[in-house]
Ligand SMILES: CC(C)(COP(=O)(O)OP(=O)(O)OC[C@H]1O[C@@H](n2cnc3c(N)ncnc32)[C@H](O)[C@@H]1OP(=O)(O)O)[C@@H](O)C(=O)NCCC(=O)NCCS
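Let's start with one chain on its own, the form predicted on its own, as structure tokens.
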Amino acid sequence: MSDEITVHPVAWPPAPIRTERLVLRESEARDRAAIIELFASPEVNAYLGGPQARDELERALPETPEKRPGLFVVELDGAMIGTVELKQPDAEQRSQVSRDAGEAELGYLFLPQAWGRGYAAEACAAVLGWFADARPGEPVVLATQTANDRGMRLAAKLGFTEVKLFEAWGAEQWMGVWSSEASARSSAAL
């Protein structure tokens, strides 16, 4: 029996994605400490409801982190520095873009020591490229707080266009959409 999982028509896991500086791959047991650090970090979770208690994470996270379709570990020089994930958005988010679209939602988390070096843009662009090949024409959504300046800049850099602003979790949220066709048109216009 194969460990391969099929997500819609996309086989999972894909071969690791290699960029100029990064490797995007499935999670492994060696990533556990970095995953705990991501979820316990006040900086990382400033716009995500706050950090989780480290001792609770230590107890709850299995020795081998869960392998989920759509979750990529971002590795730099053999060490995990973050994650990028494509998951199905909830029905309300899907209806904001196209009621019958099965678009994915892009999410990412990076350790603070990896910020400001372009790793998030490089990793997210690689995942969007992989997704465009796997699911041509299918849109991807991204939501972030408008107060998250870094998140807003990254969304613009990746080519997401605003769909709407909305209030949730006590803050103004921004939702954008990306598609490989729109991205190709904007690249051709440059």
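For clarity, every value in this text was computed on a predicted model and none was experimentally measured. From 1 onward, residues are counted along the sequence shown.
Below, we refer to the form predicted in complex with the ligand, which is not included among the displayed structures.
> Only one of 23-31, 64-72, 43-51, 161-169 has heavy atoms within 4.5 Å of the ligand in the predicted bound form; I'd like to know which.
Among the candidates, contact is made by 43-51.
> Test of understanding: in the predicted bound form, would L154 fall inside 4.5 Å of the ligand by heavy atoms?
L154: yes, in contact with the ligand in the predicted bound form.
> Determine whether any heavy atom of G116 comes within 4.5 Å of a heavy atom of the ligand in the predicted bound form, and answer yes or no.
G116: yes, in contact with the ligand in the predicted bound form.
> Counting only non-hydrogen atoms and a 4.5 angstroms cut-off, does A121 reach the ligand in the predicted bound form?
A121 belongs to the contact set for the ligand.
> Can you work out whether L86 and the ligand are in contact in the predicted bound form, taking contact to mean some heavy atom pair no more than 4.5 Å apart?
L86: no, not in contact with the ligand in the predicted bound form.
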